[in-house]
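There is one chain below, alone, in structure tokens, taken in the form predicted alone.
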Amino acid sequence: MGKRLGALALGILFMTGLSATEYIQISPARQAELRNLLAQDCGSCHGLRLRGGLGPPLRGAALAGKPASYLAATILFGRPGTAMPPWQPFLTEEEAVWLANLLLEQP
């Protein structure tokens, strides 16, 4: 599998309740880039504090009950018919899962 986790491994990760931000190996430099993407690019539609704007809030309370896999799919493939673009050209599956878990861990 190398750096990329397969779908089965991601499924096991979600079933065990482990945090992908702890499990997925993303370099500190890439983590900083992903946090910047979240603040700048996602924040341009979801609000600079991710409390909502053109897009819905992306804080933990607003996302409660949504699985990380669902959020990662939204990040990767976007939402057709809405302003949510697909980020798949810029992110790996693991990075999208890492971001989804980061969002779910926020207060």
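Keep in mind that what you see is a predicted model, and the values were worked out from it rather than measured. From 1 onward, residues are counted along the sequence shown.
Same protein, other form: the form predicted in complex with a small molecule, not shown, and the subject of what follows.
Among residues of the shown chain, L37 is one whose heavy atoms approach the small molecule to within 4.5 Å in the model of the complex.
Taking the partner from the other structure, the small molecule in the model of the complex has no heavy atom within 4.5 Å of any heavy atom of I24. Although the partner is absent here, G52 lies well away from the small molecule in the model of the complex, with no heavy atom inside 4.5 Å. Heavy atoms of Y70 reach within 4.5 Å of the small molecule in the model of the complex, making it an interface residue.
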